[in-house]
Structure formats: C-alpha cells, structure tokens
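In the form predicted on its own, a lone chain appears below as structure tokens.
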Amino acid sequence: MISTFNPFETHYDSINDKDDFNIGNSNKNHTVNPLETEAERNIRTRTVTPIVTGSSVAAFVFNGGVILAADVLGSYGSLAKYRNLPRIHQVNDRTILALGGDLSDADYIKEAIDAKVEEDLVQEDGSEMTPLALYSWCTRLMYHRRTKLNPFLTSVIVAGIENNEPFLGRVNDKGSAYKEFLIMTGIANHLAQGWIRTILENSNQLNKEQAEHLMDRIIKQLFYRDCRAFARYRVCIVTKEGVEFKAKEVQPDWSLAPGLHNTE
C-alpha cells in the first residue's frame, strides 16, 4: 500500500490555523478576545526556538567513500535527557542522511523520505533514491517550508556513492545547498573545520582506516569542547561495497585538568 504522507501538503491546525485564515467558515467574524492570555496567543506563533536538539555532525570524503559521525544525544535545553537518538539514517544501500538541530523536525524529514522511498519501491520500475536525487529533493523540501515562514530548524547532510564516486552535500534550514569534500554542522564549524580542512588539503586522500582514525579525533575534540556533545556516537562509512555502521564511545583523558587555571 502506498503511503499517503505528503510533506508538501498543507496541514491546518483544527483550532488555530483554520480560524486565522478563515478556511471553511467565510462568514465568521474574527475579533481579538480581550480575555485571551499571552500564552494562548503565543500558541499561534511559529516555532523559532528548538526544544530537543542534536549537536554537531561531521562528514568528509576519503579515498573510495564517505565517512560521517554524530553523537546520540538529544538535549532538552541544556539537559542531556535523551541518550540514544541516532541522527544518521540509512535511506538505502548507497544513500545516507544525517541531521543536526531540532530533532522533531529531523523526525519529520526522515518520515517524509521513508514515504518517498516506499513509493518508489511500490512502483517496481527499478528506480532508487540516489544521493544526488535526495540532495535535490531536500533542497526543495527545505525551501518550500522556508517560503511558508515555517522552516525546518535543522541541517541536512546527504552522503553516498553517486556514479561510483563519493558524494557529500549539505542543505540548511533556508534551502541553501552546497557540495564539498568536508562538511560540519553546529559548533563543529568553529571547533574542528579549520584544522581538519588543513589535514585533508595537505595530505593525499586518506584510506578507510586513516579516515576512521581522523573521525575519532574529531569527535573526541568536540566532546572536550562542546557542552552539548556526548561520549557515545555512531560512525557511518559508505563505500562501493555498501554501508557500515559502528557504535563507539569516547575515552577521554582528563589528567591535564588539575594543571589548567584561568580557563573559564
């Protein structure tokens, strides 16, 4: 059975949106209720501050594939509340999706993509969601919501193998997109992007083992310096042979901490 989920379909709230836009009740006279509280009026506003968020996602291209990593923490504000929320999603055998930012929006995007993949399977025409197709589709989805003034407050990374070559691209909450050999989201843009880019540009293409070792260094640095990072994380490696997931945990070394002063 084909899924009826349509991410582009307008979904009106049965109380607020339909009344505000006067849908299905054109004769209703709308007035502001003076007894309405500020909290009740705020229900009608768009979400501008995510509640449950995921921290940085790191990804880069190596010789023969792409590697991604993200921790499994969902932060409720500054509270490390949800400690097993994977943010790297396998679409098929050659396409991977990683998300950072608002995790409720991330779940919505994953549900929309799974519905699209299911629809392609039901057609039985041999078509499959490729990394480039998913990348292009995500730009349309994110830009569509941005134009409705209700954007997804998340960043999307699409990785995989396209025409036997590694593919890596990013789409932000406004629908702007770019392809690059190194992509970081969140605070990793400031904490890790510079020195990792230097390593990748000044060396020959890394092999799979070297790429995995470098990714472990990146996640360890983020764990030390990002207060929203978490010790447990997942690494995803995409090559021509398929997709491989690994669950890992940072082993920190705090032996230097007693000797550090005036760093606050």
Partner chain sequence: MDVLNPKTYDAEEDMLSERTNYSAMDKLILPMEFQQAPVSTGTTIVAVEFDGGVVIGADTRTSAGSFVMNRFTDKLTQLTDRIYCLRSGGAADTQAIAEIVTYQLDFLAAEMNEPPLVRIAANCVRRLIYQYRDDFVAGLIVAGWDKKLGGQVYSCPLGGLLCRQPISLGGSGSTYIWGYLDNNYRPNMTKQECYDFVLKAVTLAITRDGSSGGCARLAIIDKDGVERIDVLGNDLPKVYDL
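The shown structure was predicted, so the numbers you read here are calculated from the model rather than taken from an experiment. Residue numbers count along the first chain shown, from 1.
Another form exists, predicted in complex with its partner chain; not displayed. Remarks below refer to it.
Partner-contacting position among 179, 144, 190, 89 - heavy atom within 4.5 Å of its partner chain in the predicted bound form: Of the candidates 179, 144, 190, 89, 190 is the one lying within 4.5 Å of its partner chain in the predicted bound form.
The single option of 163, 150, 127, 78 touching its partner chain in the predicted bound form, heavy atom within 4.5 Å: Checked against the cut-off, the match is 78.
Exercise: residue 230 in contact with its partner chain in the predicted bound form, heavy atom 4.5 Å: Contact check for residue 230: yes, within 4.5 Å of its partner chain in the predicted bound form.
4.5 Å heavy atom contact, residue 256 to its partner chain in the predicted bound form: Yes, residue 256 is a contact residue.
Non-hydrogen atom contact residue 140 with its partner chain in the predicted bound form at 4.5 angstroms: The answer is no: residue 140 has no heavy atom within 4.5 Å of its partner chain.
Contact of residue 195 with its partner chain in the predicted bound form (heavy atom, 4.5 Å): Residue 195: no, not in contact with its partner chain in the predicted bound form.
Segment that reaches its partner chain in the predicted bound form - one of 195 to 203, 62 to 70, 208 to 216, 230 to 238, heavy atoms within 4.5 Å: After filtering at 4.5 Å, what remains is 230 to 238.
Heavy atom contacts to its partner chain in the predicted bound form at 4.5 Å, residues of 139 to 174 in sequence order: The stretch 139 to 174, when checked against its partner chain in the predicted bound form, contributes no residue at the 4.5 Å heavy-atom cut-off.
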